[in-house]
Each structure stands twice: as C-alpha cells, then as structure tokens.
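Here you get one chain, nothing else, as structure tokens; it is the form predicted alone.
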Amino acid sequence: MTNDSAIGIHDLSFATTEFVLPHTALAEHNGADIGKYHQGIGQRSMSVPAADEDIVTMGAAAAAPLIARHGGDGIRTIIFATESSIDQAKSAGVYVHSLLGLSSATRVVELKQACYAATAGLQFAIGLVRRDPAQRVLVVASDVSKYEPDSPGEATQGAAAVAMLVGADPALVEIEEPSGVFTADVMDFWRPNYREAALVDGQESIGAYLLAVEGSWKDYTEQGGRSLDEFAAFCYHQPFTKMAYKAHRHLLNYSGHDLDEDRVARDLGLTTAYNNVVGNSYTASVYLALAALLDQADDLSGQAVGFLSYGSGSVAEAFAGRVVPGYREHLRTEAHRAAIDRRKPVDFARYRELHAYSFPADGGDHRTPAQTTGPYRLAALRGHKRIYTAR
C-alpha cells in the first residue's frame, strides 16, 4: 500500500469569508428551536461572502501562505476544483495564478463534479508528481454554497477554500494506494446554467450519499485497501456535520461492525470542528475536515486516516492517507483559527442583503462595495470582465 517514493499533501491552508451568520439568528427568523440546527444538523454558524469576495479571492487567500512558505518554483500545475464556477470557459485558477504572481510556465485547469472534484484534483496531482517527482502541484478547492431563501438547504450554506501543495516526500500526509471509486447517475443535487442557487432533493441526496459510501468502500476493499480497524480517524464530505456521522454509522453497519457510539465519536469527533462553524464548503469540505483533525489531534504520526469524498450526481472515492511523523511542525493551526475568528457577525437582515447581491449582466462598469479586509478582493465587473486586486 506504500510506494518507494511517498507522494501526498506537503502543506495545507484554508481561508473563509469576511462575514458569519450565527444559526441563532436563523432560528430566531424561522421561529425554530436552536436545537434543530445545533443538534439536528450539527451546525452553529455559516460563513457568508461579502460583495467583493468569491471563489477566486478565497482560493488565492488560501494558497498565498503556501507560496510564501515554499515559493512558486517547481509548481508547474494548478488544479482548481469548484462547483461555484464564475465562468463557463475560463478557469478560476487562472485568476489565482495571476494574483499569486506565479510563472507563466504553468498549466492551469478547473475541475467540476459537485463536492467531489478536489479529490479528483488530488489524485491527478499525484499522477503528475509520480511522472516528475521534482514538480509540485497546487490544488485549490473553493466554493460558495448557496440555496434559495427559506429553503431547507438555507441552514447548510457556507463558504471556504482549501489549498494543498502536493509533492514527493510530503510533510503532512502520504496518500496511499489503492482508491475505491463509485459513480451513479442520480438527480439528488444539481445547478442548471441559468440558476445561481442549486436544486436539491434532501432525502434523495442522503440516500445517494449512503449508497456511494457503500459502493466506494466495496471497491476500496476489493482493490486491497486497509481494514476498517486500521484507521485512527475518518474525514468525510460534510454537507452538514451530522451527515458525516450518519455516513460513518452506515459504513460500520455495512462492514458488519457493531454500532459503537464511542468509536464513532473517536473516528469523527475532531474532523467537524471547522465545518460546524463555516458551513458547507462543497469541494473544500473533506479537506477542511482534515485540517480540523490535524490541528486538534494530540499526535497522529504514522497513523492511517480514511477519506470518503462524495459529490452529488454522484461520484465518490474512498482512500487512505498515512500521517507523516513530524507533521505538527508544519501545521497552520493559529492561522486557521484566526481565519475563523476574524469573521464579523452579521444580523439576519444584513445576511439576506448579502445573499441577494449579484452583478448586473449588462457588461457595464460596476464597482463592488469594499467590504473585505483580506489580501484579495473582487473590485469590479467591467466590460463583462471580473477585475481582481491584491491589497
């Protein structure tokens, strides 16, 4: 299950938005008991984008610390994973490449498959590094989760970006072979080109997720993967944190294990800390879970972590990573907590105002209100072109 040359996640950083809506404000608006959110779906607050931030500004903010620490040399590929694409033709990664000032000798591409695409990006990056171990690949997962006001999905919104530097002899997590993969054509969640907000069938989506857990894990074991008892923790895609718990219980049951709630808490407990205050970050979600785990665990050196990445529609992948001894020296725990703590709380009226904000489609000159304090901002739309600036 290991190779002569280990390849995996060498560094990891995340960014989120300027604003945050506590679920207490949502409960007050809905006249709902706060337990519906805190216990029912396991969410406490959700990141809300400002008018002048989007997947590009978050992606660049997540990636900048990686470039600051390691430099841009050796990065010949940027893979940008998102389902909140800002353009039907141009990769959001090209804007990030520009904002970070990286070499023109770089290939840049955008990947899409609902919440799964960052895992495809990670696996594709590993293939490129195996071909040329001197290269490093920048994988950026950035998304804004947006649903119709007063819809069941509204409480699960969120926004974040995770950037990963993938290379040989990684400092954080060595990604192992094999992978278990699964695809089924399911209409559980989708967003037609003419809509800003996704369409979702909640019950269908839960069923599709659980089916994909079974299918990807079955393939993983058939490919010769680790046994369930070998893992110290599991990072799941978290559309809401309680979904990860539901999925893990399903996996234990499917694999013939007794349902032990202490075991479930041990396997997942540390992975939900960022998601439950950020909300659903789509492609970034499973790697936000990894960041939360690494930042909080006592010491996972040499231990196996399971990954179960799911994207509606639907595609899933189950695989394992081995945490590299000495990884704690390379973590960004303080910066990650600062990214969460710096968000300014908004009231319900202000959140709805931000939620409703969108650019006119007339190609005119439209400046965005300067609401953010981060390193990058979406400054304007001019002649149908998005204008980004660095502070």
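We number the residues from 1 along the sequence you see. Every value quoted in this text rests on a predicted model; they were computed, and no experiment measured them.
Just so you know, the form predicted in complex with a small molecule exists too; it's not on screen, but the next bit is about it.
Is it the case that Gly40, Thr156 and Tyr310 all touch the small molecule in the predicted complex, with a non-hydrogen atom of each within 4.5 angstroms?
Contact check passed for all of Gly40, Thr156 and Tyr310.
Among 98-106, 197-205, 134-142, 117-125, which stretch has residues whose heavy atoms lie within 4.5 Å of the small molecule in the predicted complex?
Among the candidates, contact is made by 197-205.
Given that the small molecule is left out here, which of Glu334, Asp33, Asp365, Asp341 has a heavy atom within 4.5 Å of it in the predicted complex?
Going through each option in turn, the one that passes is Asp33.
Among Phe231, Tyr245, Tyr147, Phe182, which has any heavy atom within 4.5 Å of the small molecule in the predicted complex?
So the residue touching the small molecule in the predicted complex, by this definition, is Tyr147.
With a cut-off of 4.5 Å between heavy atoms, is Pro152 one of the residues that contacts the small molecule in the predicted complex?
Pro152: contacts the small molecule in the predicted complex.
I'd like to know if Phe319 sits close to the small molecule in the predicted complex, meaning any non-hydrogen atom pair within 4.5 angstroms.
Judged by the heavy-atom cut-off of 4.5 Å, Phe319 is well away from the small molecule in the predicted complex.
Contact with the small molecule in the predicted complex for Phe240, defined as at least one heavy atom pair within 4.5 Å: yes or no?
Output for Phe240 is yes: heavy atoms within 4.5 Å of the small molecule.
Contact of Thr82 with the small molecule in the predicted complex (heavy atom, 4.5 Å):
Thr82: no, not in contact with the small molecule in the predicted complex.
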